[in-house]
Structures are given as structure tokens and as C-alpha cells.
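Below sits a lone chain in C-alpha cells, taken as the form predicted alone.
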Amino acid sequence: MPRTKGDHEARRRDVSEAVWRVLAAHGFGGLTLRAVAAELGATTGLLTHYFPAKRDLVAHALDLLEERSASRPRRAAGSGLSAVRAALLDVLPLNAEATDANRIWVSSWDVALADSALSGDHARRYAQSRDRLSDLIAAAQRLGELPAGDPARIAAGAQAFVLGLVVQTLFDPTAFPAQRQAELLDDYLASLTSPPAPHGEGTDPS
């Protein structure tokens, strides 16, 4: 009996689930056709119908990671600074699920940097994240909760802060439990609520 379109789509979903389980267990460093085939209980020959080369598998995994990230539940927030805070908290590895997702994201950086096209895709993803954050920051400025300034520049700094905190937490989770991550984020946001001092003010002239 010939396979139907429904059979093909179901098999593709099974393959995607197997790819995700390999990523969750081993990151991109352990993502191979053989590992996915073993997880799926299939042959590598079957997988070549979906991924003719390792790069195709990696590209699919990156798309899958983006889809999973976009579909995960987000914190409820109103507008203004509370919305900025919620968006940044959503990035941090505050629980086991978020930690697993961040481990996968960080493991993806190496493979993306090794391929110009994949690197460009990652750059686009992070740029879109900054754009969304910039819109939230601009709304907080309109409400008077943040001082005037270039929202895109502030968003770039905020993204850099949370990604740096993500890396520190993944390497030393004992030093950066969820409560401390939130406190550090709040300290960072508090530093944004006042305009910077004029050049030279508050510094030791000596």
C-alpha cells in the first residue's frame, strides 16, 4: 500500500521529535544522523530522505529550536518596564526546562559560527529579538518609566546582559540560582531608570 501524505507528515514529526531528544540530551555537539537514527529506532538510510547531509540536519535542528522557543509559554505582563522585565526573565535559565533550552541554544553557537549561512540565520534571530525588546523599551519610555535614549541601543545592552548571565549560570548554576538571576536582572533594570551622569561626574579626578 502506498504511503499517504499523512503518513509522511507523521513520520516527519517523529523525526523532529527524535532530533529534539538528541539535542536535549547531547546538544549540537552530539547531533549526528546516527544518533537521531538510534533515537528513532530507524536506519540512517531512512534519515537521508529528510537530511541528505549533516548540514541539512543542523539547519532543521536550528529551525526546530526557534519554533520551540517561539511556542513556549511566556510570562504575563502589562506594558512598560514590567513587560521589559518579563521578556528578559523569559530568556534566563530559571527552571529545568529553560536551562535545557538555553544549553541547546549555547551549543548551537559553535555550529552556526562555522557556517556563514547558518551564522546569518542566527544573526537574524537575535536581531528580531532585539527589535521586539526595543519596542517594549520604547513603550516604557513613553510611559515615563525609562529615560529618553535610543531604544535599539538599550535593547542591545539588555540582550548582551541576559545572554552573559545565561552563560555564567550554565557554567556555575550553584552561584547563580533563580533568585540571584532575578535580583541581578532587577539591579540591571534599576540602572536603566536613571540617565547616565555627565562625563566625569562622580569619578575620582585623581
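These numbers come from a predicted model, not from an experiment. The numbering used is simple: start at 1 and walk along the sequence shown.
Below: the form predicted together with another copy of the chain, not depicted.
> Just give me the single entry in Arg68, Arg55, His49, Arg180 that has a non-hydrogen atom within 4.5 angstroms of another copy of the chain in the predicted bound form.
Checking each option against another copy of the chain in the predicted bound form, the one that comes within 4.5 Å is Arg180.
> Go through Leu94, Leu81, Val106, Leu88 and name the one with a heavy atom inside 4.5 Å of another copy of the chain in the predicted bound form.
When another copy of the chain is considered in the predicted bound form, the option within 4.5 Å is Val106.
> Looking at 154 to 162, 60 to 68, 32 to 40, 139 to 147, which stretch has residues with any non-hydrogen atom within 4.5 Å of another copy of the chain in the predicted bound form?
Comparing against another copy of the chain in the predicted bound form, the contact stretch is 154 to 162.
> Check Glu9 for me: does it contact another copy of the chain in the predicted bound form (non-hydrogen atoms, 4.5 angstroms)?
Contact with another copy of the chain, no.
> Does the 4.5 Å heavy atom contact test between Ala77 and another copy of the chain in the predicted bound form come out positive?
Ala77 lies outside the contact set for another copy of the chain.
> So, in the predicted bound form, is Ala112 in contact with another copy of the chain at a 4.5 angstroms heavy atom limit?
It does: once another copy of the chain is placed as it appears in the predicted bound form, Ala112 has a heavy atom within 4.5 Å of it.
> So, Ala18 and another copy of the chain: in the predicted bound form, are they within 4.5 Å at any heavy atom pair?
No.
> Heavy atom within 4.5 Å of another copy of the chain in the predicted bound form: which residues of 172 to 186 qualify?
Asp172, Ala175, Phe176, Arg180, Glu183, Leu184 sit within 4.5 Å of the partner.
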